[in-house]
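Only one chain comes next, encoded as structure tokens, the form predicted on its own.
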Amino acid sequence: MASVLGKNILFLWFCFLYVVSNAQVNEMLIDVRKPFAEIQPTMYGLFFEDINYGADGGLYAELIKNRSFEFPQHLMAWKTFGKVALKNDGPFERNPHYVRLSNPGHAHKHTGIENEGYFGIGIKKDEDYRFSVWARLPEGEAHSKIRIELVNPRSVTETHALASSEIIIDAKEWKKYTVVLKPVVNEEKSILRIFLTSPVPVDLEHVSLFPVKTWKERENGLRNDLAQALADIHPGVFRFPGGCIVEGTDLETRYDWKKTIGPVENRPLNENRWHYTFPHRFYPDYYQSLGLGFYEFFLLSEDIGAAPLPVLSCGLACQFQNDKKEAHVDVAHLGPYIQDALDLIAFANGDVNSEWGKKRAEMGHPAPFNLKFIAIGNEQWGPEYPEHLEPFVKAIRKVYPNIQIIGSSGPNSEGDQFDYLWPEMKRLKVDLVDEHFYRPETWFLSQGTRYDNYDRKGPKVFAGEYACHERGKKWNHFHASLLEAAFMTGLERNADIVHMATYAPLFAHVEGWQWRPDMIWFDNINSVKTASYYVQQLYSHNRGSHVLSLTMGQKPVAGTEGQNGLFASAAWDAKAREIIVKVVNTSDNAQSLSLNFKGLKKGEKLNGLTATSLHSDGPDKDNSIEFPSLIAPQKKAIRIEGAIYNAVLEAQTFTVYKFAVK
């Protein structure tokens, strides 16, 4: 049997060599003499939106849902037992509700509350979890006591409790109490239970539970694995807090950045428009605590080395959901919205002695955040959008002439609205135009030369939201990520006009998603990086500083006729003195490549460094919570003889080749 198997493998290998040797050699000419367009540090970045439980229940590490009892159904996510009363005269003006736990009136009865968390509360064995609560004694007694437990109510062992501790409430004034819990097992679906263990009543407000090990170990922090995954991309720009949520289903529910700063206990609840946008994926308990607010977004941008790019409302509610003029702010009454934009820049960059710079410093960051970009509006369209945008542009230019302003080309990648808005953006002289592409595979395969003929004198391009949505396969899978990689060669080749690009959406909870595909999936304990994540990471890690000319038959390699499904771009890294060549083979056949480097100076020599490839034998496969490493980049060392590198690129493969110039 072994002998027969060996002969079969040998036969297949000779067949492969025969096919490759008789196949067309795809010769690509890379001109290293004159790097031209600069590739911006912001070229490859991240876009965050609170969709798919991306913030509360996701990146924001708070484990308690409706912690301040402010949901419209005030006890949603809570169960009560014994004698529990809801009150509304609490210590925090914008979160006035709290609960009073009182003696149930019988020695064998109990009073308390339970919280279900977000699809359960995920906890890990021997990890520390910081429980905190604002509490008081409403009747002026000396003290009372509560017991806090993390519980698995489905446990068949002797006790439901996985961790517990007690807190003595000893003041009639509102005060914050804290204790650390350490679970004895892993449990993805635990709940938080609080018992009143004294006959003396207590009032409880802002019940909170965080892992101690958050990102950078901040108390109001981020989930460590999710934030680390963002940092590991090395993004150049970070766009936040979203797209459609910035607009809101109506103006009352738009994202108001001023409500997201200051003490977290006093940040008001906001309705998340995604909880009812899709009735087939309906989540009536999806609200925004705003604990992850603009200050935290700026901190995260700084932590991961990305330029912050906030998006603000232009006074137009979501136009998909509002077709009446009365639903939007009249242009004559945009003053408060424009002031919000000016105040945001002051909050990010202002001196500590200024009004808004002082607020930033009081939150713990005296140094400015060095904000350089601001986007006004998301996917607005029609004459209403430039009419609303124009006064923002004039006001920002007058006070902050160095801030780059980003406008929008609407929700479509082409068509009447797109064709109308681009000239309007040029007229208003915005610095960048945000383009969005949620398109099928045929679109991504046809767009390799999209930016080759764009006007170089107008605004630059921000590819602000894009993902390949294959027809009938609108979920994460390798083939979609491969076509995204192919499309991105055109972004890189046109780096003189394209200055930013961010895949979207970023996060999705496996039990709470409204939209897919998404870059990173997670449950209450684990997370997984998709093939699309690795495409973004490979581009960001291998950005280079300048574009190099790469042609095949004197044409850009953009999947056009006669190019055998190949897409390619080349870059020069001036600091490392390296040449980076990205090649995507979207065909079903292996392709012979010949990379011919032209224009080396006398005495210069090329050294082969690495070839890093992303490939899957199953185009419909992707990584999952159960199999997180099914598809990942594979790196190998390469050698080059002279100025020509020959290789065979597997079918359906994206490879990054690196060469050093010595």
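The structure displayed is predicted, hence computed values, not measured ones. From 1 onward, residues are counted along the sequence shown.
Omitted here: the form predicted together with alpha-L-arabinofuranose. The next part is about that form.
A.B. asks: Hey, in the predicted complex, does F47 get a heavy atom within 4.5 angstroms of alpha-L-arabinofuranose?
C.D. replies: F47 belongs to the contact set for alpha-L-arabinofuranose.
A.B. asks: Against alpha-L-arabinofuranose in the predicted complex, would Y385 count as a contact residue? Criterion: heavy atoms within 4.5 Å.
C.D. replies: Contact check for Y385: no, nothing within 4.5 Å of alpha-L-arabinofuranose in the predicted complex.
A.B. asks: Is G243 one of the residues lying within 4.5 Å of alpha-L-arabinofuranose in the predicted complex, judged by heavy atom distances?
C.D. replies: Looking in the predicted complex, residue contacts with alpha-L-arabinofuranose include G243, since a heavy atom lies within 4.5 Å.
A.B. asks: Would you check, heavy atoms only and a 4.5 Å threshold, whether N378 touches alpha-L-arabinofuranose in the predicted complex?
C.D. replies: N378: contacts alpha-L-arabinofuranose in the predicted complex.
A.B. asks: Only one of 592-600, 614-622, 63-71, 47-55 gets a heavy atom within 4.5 Å of alpha-L-arabinofuranose in the predicted complex; which is it?
C.D. replies: Stretch 47-55 is the one.
A.B. asks: Just to be sure I understand the contacts: of Y438, Y400, F81, W475, which is the one whose heavy atoms reach within 4.5 angstroms of alpha-L-arabinofuranose in the predicted complex?
C.D. replies: Spelling it out, the residue with a heavy atom inside the cut-off is Y438.
A.B. asks: In the predicted complex, which of the listed residues (G315, P505, G448, G221) lies with a heavy atom within 4.5 Å of alpha-L-arabinofuranose?
C.D. replies: Checking each option against alpha-L-arabinofuranose in the predicted complex, the one that comes within 4.5 Å is P505.
A.B. asks: Which of the residues spanning 508-531 lie within 4.5 Å of alpha-L-arabinofuranose in the predicted complex, based on heavy atoms?
C.D. replies: The stretch touches the partner through W515 alone.
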